[in-house]
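In the block that follows, a single chain appears as structure tokens, in the form predicted alone.
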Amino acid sequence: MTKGAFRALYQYPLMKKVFLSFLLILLPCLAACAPQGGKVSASLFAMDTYMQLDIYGSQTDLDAAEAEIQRLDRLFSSTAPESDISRINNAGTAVIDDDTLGLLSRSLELCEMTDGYLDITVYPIVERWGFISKNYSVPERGELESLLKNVDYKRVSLNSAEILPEGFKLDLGAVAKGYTADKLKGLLKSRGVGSAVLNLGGSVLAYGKKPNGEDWRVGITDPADTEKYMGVIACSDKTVVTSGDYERYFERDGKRYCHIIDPKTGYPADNGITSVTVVSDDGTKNDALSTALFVMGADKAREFIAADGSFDCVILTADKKAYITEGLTDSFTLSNTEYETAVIRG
């Protein structure tokens, strides 16, 4: 990121140069236009990512938002030994919090809705590729075929004593931050907060409008050059979620393997899509769909989007094509003219 470009972007603490799926863009006049007194901010690490919270409210509003993030992280983590998800993974069952039950139920609905391109039981394969331990390796095909026997969201039961069959493990990484955005939206509303922008590490809650009455502007990272952005979405009261192949990956023998696993093959998705951004007022659905559409591939994803019609989306491909839903044509601005744009119509 150039020094000049960084000044034009919403500042997120780039600890260890971690680049998120989004860069929030502040208009140059913000310092003059926005009230200077009411903004409280915090940076934190939760849900395996860096987060930035900016709330136009009180310190107690900010503290409440931080506490809610940490509470949900303790429930949904697949690696924290005492989390609800870890206890289910270890024993096949557990007494769990209402939020965990609610997110599991919604996640299974989304798995069904996407025909299994989202599957919350893919954790054993994610683990085997090394994306949890960071000890990366490429499994043999036979090993993956064996592990795939323990990947099937339809075998998760929330209405029996045993939630998971033996050998199965849950992973809510594809939905947890979106769900957290939804919970934070409710929390801010209940506290009377009128304006906030919460970057949860790839999931951005643009709550209300800017204090000056304008829309928030969310920049989409260019997967080909993560120090730049390829376009900007103007929005308010929306959650914007991106999944990209540049977020986490490793290379072996000249080939890149990204962290987004195709639950039907056991291999990292490799279909020409480089990122998917989903925009709507439903953060949980956005989070799930950004992963599922990425795995589907461009053709099937465009068919799904056109048939559903309940959300907006930007799909980027390796050959510099940007597919944009009709609902974003007035709010999306292309920054990188190398991209050829096409509109997805319902």
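Position 1 is the first residue in the sequence shown; the rest follow in order. Quick caveat, the model's predicted, so the values are computed rather than measured.
The discussion below concerns the form predicted in complex with adenosine-5'-diphosphate (ADP), not included here.
*Asks:* Using a 4.5 Å heavy atom cut-off, which residue among A174, V240, I273, I220 comes into contact with adenosine-5'-diphosphate (ADP) in the model of the complex?
*Replies:* So the residue touching adenosine-5'-diphosphate (ADP) in the model of the complex, by this definition, is A174.
*Asks:* Note which of I96, V126, V156, M230 lies within 4.5 Å of adenosine-5'-diphosphate (ADP) in the model of the complex, where distance is taken over heavy atoms; exactly one does.
*Replies:* Selected residue: V126.
*Asks:* Quick one: find which of 305-313, 54-62, 38-46, 288-296 has residues within 4.5 Å of adenosine-5'-diphosphate (ADP) in the model of the complex by heavy atom distance.
*Replies:* Of the options, only 288-296 has residues within 4.5 Å of the partner.
*Asks:* Taking heavy atoms and a 4.5 Å cut-off, does K185 contact adenosine-5'-diphosphate (ADP) in the model of the complex?
*Replies:* Although adenosine-5'-diphosphate (ADP) is absent here, K185 would stay clear of it in the model of the complex, with no heavy atoms inside 4.5 Å.
*Asks:* If we define contact as a non-hydrogen atom of the residue within 4.5 angstroms of the partner, is A206 a contact of adenosine-5'-diphosphate (ADP) in the model of the complex?
*Replies:* A206: no contact with adenosine-5'-diphosphate (ADP) in the model of the complex.
*Asks:* Taking 4.5 angstroms as the cut-off for heavy atoms, does I260 touch adenosine-5'-diphosphate (ADP) in the model of the complex?
*Replies:* Yes - in the model of the complex, heavy atoms of I260 and adenosine-5'-diphosphate (ADP) come within 4.5 Å of each other.
*Asks:* Would R248 show up as a contact with adenosine-5'-diphosphate (ADP) in the model of the complex if we use heavy atoms at 4.5 Å?
*Replies:* Heavy-atom contact with adenosine-5'-diphosphate (ADP) at 4.5 Å: present for R248.
*Asks:* With adenosine-5'-diphosphate (ADP) taken in the model of the complex, which residues across 204-226 come within 4.5 angstroms through any non-hydrogen atom?
*Replies:* Nothing in the stretch sits within 4.5 Å of the partner.
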